[in-house]
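This document starts with one chain, in the form predicted on its own, laid out as structure tokens.
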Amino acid sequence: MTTPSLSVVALAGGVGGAKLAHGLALVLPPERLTIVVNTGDDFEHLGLSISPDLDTVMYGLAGVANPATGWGRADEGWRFMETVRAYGGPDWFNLGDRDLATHVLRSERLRQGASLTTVTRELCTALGIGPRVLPMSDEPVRTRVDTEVGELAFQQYFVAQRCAPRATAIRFAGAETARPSPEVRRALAEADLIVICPSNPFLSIDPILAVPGMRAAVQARPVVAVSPIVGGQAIKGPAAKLLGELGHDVSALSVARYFVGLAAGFVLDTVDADLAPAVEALGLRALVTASVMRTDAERAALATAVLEVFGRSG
């Protein structure tokens, strides 16, 4: 690793974002890495404040994520959900027994008046996480998906409906009155490089950029984006489906087009090496490297490649 002195901010959401965030944490000193996480997926369920993307990032960094799913906790139990189901309660969103503790403690601290930033810091400290993990805003922003069956709250679309309805538009309720926290603003202002992780651009990155002031702050720094589309398919989640439904070609090149004007660099998987000239024709510097992260070593290797190529050039 030749760029340990870089100050890096990662924008992340979902499993792909959490994997690269973990890779960056493996190769950077903890004080040099800040991960700004999407909270558009957050919602209230069974009286609890649920922050799925924050938890996925936290569990990944702490080494306690479920290796089979990438989200949730390893060695999980489901007695709570079994009992909810036996009572006839809503069982469409699973809350594991170990995971439940996170939601209960977060909810209690928020009720006491702590900010989501403060609560996240407390949870990360308890989990032994070194890098800073920051919610994109302390004010609620909620992703809403317009579909052929009407508008759906994000978790209804993503979990209850399994992304099946055709999407026609996406909006972020509350974004217009939200703002980045002082910690987020400071991290972005001090960043030598901003890495847009291989997260769903519509559902994980757009909510972050929708917070007033966030896009301008990101644009003011060197930015590289990593494609979540490899070989015309999403590694995980509905990114490919949404690209097609929202009028884009389903390819890494479409994602590159989406980030023109924001990013200076773009990372393609080796499978999509033939797209590099078209990416560079958009005015983006292309890096072709292995980007599918199945192991910790592959996460670290991708992070190292991104930092060495784009960190040197700024």
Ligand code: FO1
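So that there is no doubt, residue numbering starts at 1 and follows the sequence shown. Since the model is a prediction, treat every value here as computed from it, not as a measurement.
Heads up, the form predicted in complex with the ligand isn't pictured, but that's what we're talking about next.
Proximity to the ligand in the model of the complex holds for all of Gly14, Gln155 and Phe158, with the criterion being a heavy atom within 4.5 Å. When the ligand is considered in the model of the complex, Phe172 lies well away from it, no heavy atom lying within 4.5 Å. Looking at Asp206, you'd find every heavy atom of it more than 4.5 angstroms from the ligand in the model of the complex. Although the partner is absent here, Pro52 sits close enough that one of its heavy atoms falls within 4.5 Å of the ligand in the model of the complex.
Contact check for Met214: every heavy atom lies farther than 4.5 Å from the ligand in the model of the complex. His103 is the sole member of Arg179, Arg98, His103, Arg185 with a non-hydrogen atom within 4.5 Å of the ligand in the model of the complex.
Contact with the ligand in the model of the complex, judged by any heavy atom within 4.5 Å, is made by just one of Gln233, Asn94, Thr168, Thr125: Asn94. Remark: of stretches 145-153, 189-197, 128-136, 158-166, the one touching the ligand in the model of the complex is 158-166 (heavy atom within 4.5 Å).
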